Each structure stands twice: as structure tokens, then as C-alpha cells.
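Shown here is one chain on its own, the form predicted on its own, set out as C-alpha cells.
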């Protein structure tokens, strides 16, 4: 019996972008594995980690959410350098509600996500008509300005911040709320960007003039995308405020702006999965290199340069392309 090699995905018939006609359990496994395995890893990984690396895993989930929020803006034609604005606004909203009004974290976190997202959206409304580097510079400057305002006016604790905030009942609840949010954001926004709504956002990025000529108000869609992205970042900030029981000026630090961008560039822009993968690589790497002191930045920078130059498409797109090229031996029809 003659056999020949063929790609595994050859037998998977696509009826539409989201509906597949699968004819065997092997095809089902091949199709489901890239989705099921990461989710299983996200859920089971905290159970095998020690206390220190569980804290690192929390940071991974937070930076993954920030990276996803950056990718949402990027796919909508808005390049942000100020994810720290979203993170810090959510952190302060949650901290203020808990410290001054005694509201439970179960309420402050969702309220901070919505209110923080709305405040960030209103603050950036005047610059939505700016393009390219001009919009990026404004998003970079605003969190730095807020940091100096808090320092000068001493509001919300000034340079000392607000401490002694309430925590969630258990570390496992903290962990799995962030994990659930990360999984929901990953698959939910991937679904959103393949819908008609997402196609409009992508069209705004590719050719906003053509979208305007079609009678669509691109600024209304930009406002919605900005609110969604800022709410995701604000949620991450609100969660970390109650994890560490503190909120202060460091929540506007550049780390919360630069690392999410680096995670997207390493993982692969335009996929959301690349943003999560980049966060899972860069955050633990940063912790592992901490023992090197000042040299950590050197090795970290070399790592980023190697990946950005050697694999500009991102790790996720490279893996996805290789995965679709897997072959199997198939019988040849006579």
C-alpha cells in the first residue's frame, strides 16, 4: 500500500472562519489542542508553584491583561505608550473607594474597572483625532503628569500612598479571578476582532478614510475601543491594589507601559495570544535575572533585541505557522 505525506490540517474542512467540519477524533484533537492545552496550563500551573512563583504568576496575569489592552488599541489604529495610565487609574479608584468609604473589594474592583476606564476615555477624548506618534506621546505624558500632581498636592496619601487596604478572602481567589479574567479577555477579544465590529476597528487602522467614506463614525468606534482597553487595564490595577494592600505613585511607573509593549512585540502583535505568551516569557525572565543586579537590564535588553530582530513576526505567529505545517502519512488512492 502506497503512502505519502500530507499536512494534517488538509482534512479539516472550514465552512466559515469559526465553524469546522471534522471527520475524525485526530482532527478534533489537532484542532482543539492549541486552545485546550493553554487553558489547562493556566488553571493547573498555580497548583504546582511555590509561594514566590505564585506571586510572579499574578504579575504575569496582570501584565498579560495590560498587553491585551495594548493590542486592542493597536488593532484599532491607536498606538499607546501609556498603559500605566489605565493601570494606575484603576488602582487609585479601587484604593480610594476601599480606604475612604470602606467598600468591599468585591465591589471596588468592578467599579474601578468601569469608572477607571471611563475616566481614562474622557481624558483621552481630545486627542483621539491625533495620529501616529502624537497620540502616543500624549498617552505617555499623562501618567507622568498625574504622578507629579499627586506628589505636589499630596492627595490620596501623596508620596506615601494609601496602605492597609482590604484583601480578598484567599490567595487562591485572587489567583483564579486574574486567571479567569486573562482567559476571558484572550478568547473574548479574539472573537470580538473576528466579528463585524472587529472588522470595522481593523478597517480604521488600515484605512480610516475608506471607513469614513462608508458613512461610519470612526471616532465613536475609537471611543468604544479605548474604553474597552482602558477598562481591562483598570481591572488589572484594581486587582493588584488589593493583592498588595497598597496604592501609590509607583502604579504610574513606566514599567506598566513599556513591559506590555515588549510582551506584545515578543509574542506577536495582532493575535492577543501573542500578548499573553510574551508576558509569560518576559515577566518570569525578569525575575530570574534579578540576582544579576544592574546587569539584568543588559541581558534583558539583549534578549529583546534578539527576538525582535530575529523573529519580527513574534513567537506566537512562528509557532502557529509551524503547527499548521505538521505532516502525516496518508494512504494514496488508487
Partner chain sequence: MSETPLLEVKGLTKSFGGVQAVNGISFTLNKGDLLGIIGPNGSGKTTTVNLISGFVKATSGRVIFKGRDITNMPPYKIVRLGIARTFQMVKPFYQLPAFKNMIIPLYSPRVKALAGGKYGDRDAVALDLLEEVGFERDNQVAYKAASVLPQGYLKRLELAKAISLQPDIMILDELFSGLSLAEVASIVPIIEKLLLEGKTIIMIEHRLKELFRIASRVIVLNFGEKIADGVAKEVMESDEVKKAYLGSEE
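What you are looking at is a predicted structure, and each value in this text was computed from that prediction instead of being measured. Numbering follows the first chain given and starts at 1.
One more form of this protein, predicted together with the partner chain, exists but is not displayed; see below.
Chemist: Assess the spot marked by 199, 203 and 212: is the partner chain within 4.5 Å of a heavy atom from every one of these residues in the predicted bound form?
Modeler: Yes, the whole trio is in contact, each within 4.5 Å by some heavy atom.
Chemist: Pick the stretch from 232-240, 95-103, 217-225, 165-173 whose residues have a heavy atom within 4.5 Å of the partner chain in the predicted bound form.
Modeler: Single hit among the candidates: 217-225.
Chemist: Check residue 159 for me: does it contact the partner chain in the predicted bound form (non-hydrogen atoms, 4.5 angstroms)?
Modeler: Because no heavy atom of residue 159 falls inside 4.5 Å of the partner chain in the predicted bound form, the answer is no.
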